[in-house]
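In C-alpha cells, the next block holds one chain alone, the form predicted alone.
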Amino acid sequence: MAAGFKTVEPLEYYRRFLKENCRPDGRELGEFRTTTVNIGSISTADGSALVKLGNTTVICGIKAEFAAPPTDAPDKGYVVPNVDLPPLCSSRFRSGPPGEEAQVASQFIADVIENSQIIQKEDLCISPGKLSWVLYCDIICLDYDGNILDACTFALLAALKNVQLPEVTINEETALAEVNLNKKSYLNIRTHPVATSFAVFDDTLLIVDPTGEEEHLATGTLTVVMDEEGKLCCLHKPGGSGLTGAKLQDCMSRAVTRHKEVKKLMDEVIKSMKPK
C-alpha cells in the first residue's frame, strides 16, 4: 500500500514523514548519510580518492603534466577540473557531450578551487615564463543518488592531498626539464573547503544531504562551502524558493559542524595510510 501511495503521490508521501521530523530512509532532517573515503585508490593517477555519500559514489583522479605558464601570469600553473556524469551512474544521464548538470558541477568545482585558494597556482610554477604544472582533476560519478556537489568537493580535496609531484629542474645548457622521480613532495594544500548541501521543501523546511528523490521533489537546493576557519568560500543556489537570512545563517552554522566531521574523517584515513 505504502509503495503504491509513494508512486502516485510522492510529495504527499514525503510530507507525512517530514511532519514527524524524519525521512523515508529513517534519517532525521539534519542527518547526513554514512560518508566513507578511500584515498589513493587509482595506482595509475598522481593522486586519487573515492568518496561514498550513502549510495552516491564519486571517484577523483588527478594527472599532472607540463605546460607553458599563461602569458598573463607567467608565475602560475593550472588546475583543470572536469565532472563527468556518465549513463553508468544513473538512467537520467545520456552518453555524448556533457549535459547541463555536469557542466554546472564542473563550474562549481572550478569556483571552489578559485575562491578557497585550496592551492596557490604560484606553487605549480616550475620556472617562471617557461614551465609549470597542470593538474587535470577528473571527477567521475559511478552511482548517482543526489548531493553530487558535496561528494565531488570531498573527492577533489582528498585526491589533492594524495598528489605527490617529482622534483623538476631546468638544465641551463639544454633548457630541458629534468625530472627526479626519487624525490617527490606533496602539494601545499592551503585550505580545506568542504561543501554542505540542503534541499528546501515547501519553501520553508530544510533538509541536509538530499537523496536524488528528495532533490527532485524539493522546491529549491542550496550548497554552502566553508573552510576550516569558518570562512564562506562559495554559495551555490540554482534558483528555486528563496531563503530568509535566519535560514541561511542556520545553513552556514550547520556547514561549519559538517566541516569538522569531514576533516576529521579525512585526517584519520590519511593517518592510517602512513607507514608506522
Partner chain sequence: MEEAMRANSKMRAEPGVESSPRGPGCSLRHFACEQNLLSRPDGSASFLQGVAEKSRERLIRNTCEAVVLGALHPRTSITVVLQVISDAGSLLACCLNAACMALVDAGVPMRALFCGVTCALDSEGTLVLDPTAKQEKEARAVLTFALDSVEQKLLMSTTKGLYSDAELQQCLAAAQAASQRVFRFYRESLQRRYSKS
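Positions refer to the first chain, counted from 1. Note that the coordinates shown come from a computational prediction; the quantities given were computed from them, not determined experimentally.
Beyond what is shown, the protein has a form predicted in complex with its partner chain; the following relates to that form.
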Between its partner chain and Glu65, Thr71 and Pro128, in the predicted complex, does every residue show a non-hydrogen atom at 4.5 Å or closer?
no
Only hit among Leu11, Met252, Leu265, Cys22 for heavy atom within 4.5 Å of its partner chain in the predicted complex is Met252
Which residue, Val80, Ile189, Ile170, Val104, has a heavy atom that falls within 4.5 Å of its partner chain in the predicted complex?
Val104
Quick check for you: of 24 to 32, 230 to 238, 56 to 64, 209 to 217, which stretch puts a non-hydrogen atom within 4.5 Å of its partner chain in the predicted complex?
230 to 238
Although the partner isn't part of this model, could you tell me whether Asn115 comes within 4.5 Å of its partner chain in the predicted complex, counting any heavy atom of the residue?
yes
Are any of the heavy atoms in Asp203 no more than 4.5 Å from a heavy atom of its partner chain in the predicted complex?
yes
Can you tell me if Leu248 lies within 4.5 angstroms of its partner chain in the predicted complex, counting non-hydrogen atoms only?
yes
Heavy atom to heavy atom, is Val37 within 4.5 Å of its partner chain in the predicted complex?
no
